[in-house]
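We begin with a single chain expressed as structure tokens, specifically the form predicted on its own.
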């Protein structure tokens, strides 16, 4: 299961909250806003509220992967959509291919609601201009069995601890494995590695194979293996795996080790082919209402970028400890390195 599968509908009460602001009169021929996004990011209550406020009609197209977003955007050079939602590591490519345009934050009044950790995200700034606005976030934390750890593990180095040999599982993901190991090794820029750093990471991950019982693929796979027993630690795919395990009767906790952890941010961006950039800006501004952020956190379990209290209510108080994903120096090289590591027999 992909982390997107945890996106669920938002209750209708949101519409009433958001409609407290002034509603603009509808025109005879309503404008249309075309949105390409993930399930859960454009639910009916707030879409209807935006339509009532602006008199526009919103056409939602849902996507299942980043690859699909790029396929749809490149097919029309961005002219089929006005607004898209995508995470930070994709923006370098989006700007290079001229598929999105800068966001004028002076025309997004609710940008003032952004929490400090999301006001200056370098991965979405190019030539000094912001190309997106952060909306939702999460992390790749360390999940642990509380029976084995009365206190949360302090460091990622626990994944190389002889005491837990054979009682560790890790996700089968090249970039996440490499970035997390780079954080453990103290590299300042885990997205732009030197040849020497690649070599050190390779050696470290090859050594880790002696401690890992298996690599898992997907939310459900990791949860199923952990719940079967014999596992104390998991390099997770995201926060939702913890409540999934708890529902299966496994008493687990999650933590962000002292070295930090990978974070992801989904952001709103304006397509280069947007028919009405002003309407697109109005939609992004609307999505930064604190009520929307509250419901995103309550209904999906992900962090929002505007309401700290809503984040705290679900335990997401560590955004400032995360290293948010960026496009790496050579993704293909990372895939090749990971495949080589997996194929190497354990000595």
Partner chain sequence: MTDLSLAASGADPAIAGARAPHRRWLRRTALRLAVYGVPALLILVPLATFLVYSFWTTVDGRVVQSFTLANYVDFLAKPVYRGVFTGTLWLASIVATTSLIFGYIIAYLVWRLEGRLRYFLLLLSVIPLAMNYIVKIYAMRNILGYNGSLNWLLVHAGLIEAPSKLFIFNQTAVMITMAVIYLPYAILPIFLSLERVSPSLLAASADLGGRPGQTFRNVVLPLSLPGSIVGALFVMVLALGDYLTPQMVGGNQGFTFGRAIWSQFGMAFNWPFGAALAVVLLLSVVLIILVAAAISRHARVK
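Keep in mind that this is a model prediction, so the values were computed, not measured. Numbering follows the first chain given and starts at 1.
Although it is not shown, the form predicted together with its partner chain is what the next lines describe.
> Hey, of 154 to 162, 136 to 144, 114 to 122, 94 to 102, which bit sits against its partner chain in the model of the complex at 4.5 Å between non-hydrogen atoms?
Partner-contacting stretch among the options: 94 to 102.
> Of 80, 221, 276, 189, which residue is found within 4.5 angstroms of its partner chain in the model of the complex when only non-hydrogen atoms are counted?
Only one listed residue qualifies here, and that residue is 221.
> Contact check in the model of the complex: 51, 107 and 319 versus its partner chain, with a cutoff of 4.5 Å between any heavy atoms. Do all three pass?
No.
> Given that its partner chain is not shown alongside this chain, does residue 129 nevertheless sit within 4.5 Å of it in the model of the complex, heavy atom to heavy atom?
No.
> Can residue 194 be called a contact residue for its partner chain in the model of the complex at 4.5 Å between heavy atoms?
So residue 194 does not count as contacting its partner chain.
> Since only the chain is shown here, I'm wondering whether residue 313 would be in contact with its partner chain in the model of the complex (any heavy atom pair within 4.5 Å).
Heavy-atom contact with its partner chain at 4.5 Å: absent for residue 313.
> According to a 4.5 angstroms non-hydrogen atom cut-off, is residue 209 in contact with its partner chain in the model of the complex?
Contact check for residue 209: yes, within 4.5 Å of its partner chain in the model of the complex.
> Which residues, if any, of 312 to 347 lie within 4.5 Å of its partner chain in the model of the complex when only heavy atoms count?
Read in sequence order, the residues that approach its partner chain (within 4.5 Å, in the model of the complex) are 331, 332, 335, 336, 339, 340, 342, 343, 346.
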